[in-house]
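As structure tokens, one chain now follows by itself in the form predicted on its own.
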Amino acid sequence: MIKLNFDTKIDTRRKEEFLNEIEDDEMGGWLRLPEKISAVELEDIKRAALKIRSNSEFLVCIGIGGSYLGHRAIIEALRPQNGKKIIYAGNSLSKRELDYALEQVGDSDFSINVISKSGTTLEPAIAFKAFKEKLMQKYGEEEAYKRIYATTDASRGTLHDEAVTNGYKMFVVPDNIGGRYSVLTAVGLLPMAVAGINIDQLLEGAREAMGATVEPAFQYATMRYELDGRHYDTEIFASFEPSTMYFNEWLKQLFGESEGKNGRGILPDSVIYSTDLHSLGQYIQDGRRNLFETIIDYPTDEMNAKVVKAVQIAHAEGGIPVLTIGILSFDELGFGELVYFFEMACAFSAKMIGVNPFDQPGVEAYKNELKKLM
């Protein structure tokens, strides 16, 4: 259950209007996903995960942005002990990182989950080529192809066509769900199941959130909108649990790509306390007063709870608006709810400032320039 430490007046008419717009949007498929995902698809994902866990020491997840951030966030936060290690590749163009990922696998048994709607995004395409060559050298072509799992478009694209030609096991990136909203699709569910996450409980948490978190999500979006109107144009997502660093990274992508358009949007940043209290903490306490803080208050130990309270008091007295979002359980149920809450809040926030929550036209700019240089 999501708990907020603030209250604001709810415009019920506006909330319903935005909900209808999101549901009618061609990219609003995530809104009803937790209750609409089919039992057949879930069983298919679980069977594939079981096979990978039985024949592989590692699953190499190849993808960038929404193709890896969400599921990595949950895997690293919960640190399941009964699954296989996930190695991430294809999220940069660094040769050093790619070589390191290849070295981590070494001579161990492994499988690949390549996640790309088109198959043409440069970063994952390069990593997939390298790991596919390693797979074929180790197992030969026929067995190698059985160890490749492609999560891609249902009917078209470079990766789709290659998967059909070579007989890779395929999962679908839904046409009506964008990457940063895809955590609870096969994009995230397959690697999470391999890693030992209970995906049934994760989806149950999201289903519970579908009704319970709509109003808190709208309240949070309203507070962000009001603060933005008072020139608080930077939001610091603060966590007191180091394992949630990648959840913060997913939040930065979610809000940055959804809101940052047409000269609008709050700049998302993040910190992990108490570590960053000894670095960025100085700026947050005494620097420019253009930022506000959103504390994600996970259930924690007594010492951390005291640090949370101290930060809330000190930063508020320092002139920083402090919002706190609490969850009751640090487990799959809690994170399923939290994912859905932030997806909903982000969509509401973008609607409030009049931008499309589901596109990312600015991302194409660097790609176009890179193509010219190459």
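Numbers follow the displayed sequence, beginning with 1. Since the structure is predicted, the reported quantities are computational estimates derived from the model, not experimental observations.
Heads up, the form predicted together with a small molecule isn't pictured, but that's what we're talking about next.
Of the residues given (Pro34, Gly28, Gly65, Gly336), Gly65 alone sits with a heavy atom within 4.5 Å of the small molecule in the model of the complex. This chain lacks the partner; the member of Ser243, Ser118, Asn304, Asn166 within 4.5 angstroms of the small molecule in the model of the complex by a non-hydrogen atom is Ser118.
In the model of the complex, the small molecule stays beyond 4.5 Å of every heavy atom belonging to Asn356. Although the partner is absent from this view, Lys367 contacts the small molecule in the model of the complex, with a non-hydrogen atom inside 4.5 angstroms. Contact check for Gln253: a heavy atom falls within 4.5 Å of the small molecule in the model of the complex. By the criterion of a heavy atom within 4.5 Å, Gly179 is counted among the residues contacting the small molecule in the model of the complex. This chain is displayed without the small molecule, yet in the model of the complex the stretch 57 to 65 from 316 to 324, 337 to 345, 57 to 65, 35 to 43 comes within 4.5 Å of it by heavy atoms.
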